[in-house]
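A single chain, nothing else alongside it, follows as structure tokens in the form predicted on its own.
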Amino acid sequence: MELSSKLGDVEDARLWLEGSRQWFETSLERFLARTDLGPAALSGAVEYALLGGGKRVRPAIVRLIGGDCAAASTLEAAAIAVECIHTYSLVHDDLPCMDDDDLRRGRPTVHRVYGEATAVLVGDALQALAFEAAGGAGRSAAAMTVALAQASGPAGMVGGQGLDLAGEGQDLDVAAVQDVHRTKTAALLGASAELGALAGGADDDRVRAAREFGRSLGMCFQATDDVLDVTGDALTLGKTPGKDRGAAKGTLVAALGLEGARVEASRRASEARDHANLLGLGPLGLGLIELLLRRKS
């Protein structure tokens, strides 16, 4: 078997991801047009955060797994829900009391434009909007809401942020770093795939398999992020490089060295490929994994 067939076509995946991004932006605009975002002082900041661009990987995973089996409105609701949670996490991560960053997606962070108090409220509003969207997902709404809450709450993303903050200045071993990655990043990517499966009416076995695919992809994604924090530049990344090292955060690069972190990212990509094959995601799924592994931003 040729290498390209094993890994999928990266260029096809790149084109598909761009098409998926456009699909999501259109869906998001429709959602915002019919949703009350509150007073102007808040609504402008919410829109600034949500419409700030990005690859929209999590909505793409929802769409990849849900595919043609899901009703369009259900798939859109799931994609909007996970992206609202993701965007809220970025707004809060960037705050001075958290990761303290001035740049996100190539623009000033929300708290730099609107102030810290408004940025906190933006995150709060986005979390509520996420569950409003999930609640509109028809027969899948209850299961989606529970899955999203578990992935984004204290046992998932929020807990991971807590571990990340507690680990600053500590000499974390690989297992401790991976605990952060598993909760802070991989949990929500796992939920993205899970919500896609639920949107498509999958049975319990396929829902579990989708969740494991998303989690493995999330571990690969975060390992690559650790590498890019060392090797990337602000123009390409759209955020400030070197932040992890400057804050003495526990990363795979700190624990394993740069090459070791790259090896770990590749290992997680291989794990994701195994899950993708079990799910029958084909060349597109494999190409997307390879694209995210090779990314520069």
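Everything numeric here is computed off the predicted structure, so don't read it as measured data. The first residue of the sequence shown is number 1, and the count goes up from there.
Not on display, but discussed next: the form predicted together with ligand GRG.
Candidate site formed by G66, E76 and T145: none of these residues places a non-hydrogen atom within 4.5 angstroms of ligand GRG in the predicted bound form.
Using a 4.5 angstroms threshold between heavy atoms, R268 stays clear of ligand GRG in the predicted bound form. For the chain shown alone, D225 is a contact residue for ligand GRG in the predicted bound form, at least one non-hydrogen atom being within 4.5 angstroms. In the predicted bound form, Q161 approaches ligand GRG with a heavy atom inside 4.5 Å. Interface residue remark: K55 is counted as part of the site for ligand GRG in the predicted bound form, having a heavy atom within 4.5 Å. Contact annotation: ligand GRG lies within 4.5 Å of heavy atoms from the stretch 153-161 in the predicted bound form, the single such stretch among 153-161, 68-76, 108-116, 137-145. A single residue from the set M98, A128, A149, A176 has any heavy atom within 4.5 angstroms of ligand GRG in the predicted bound form; that residue is M98.
Residues of 182-210 lying near ligand GRG in the predicted bound form, listed in sequence order, are K184, T185, the criterion being any heavy atom within 4.5 Å.
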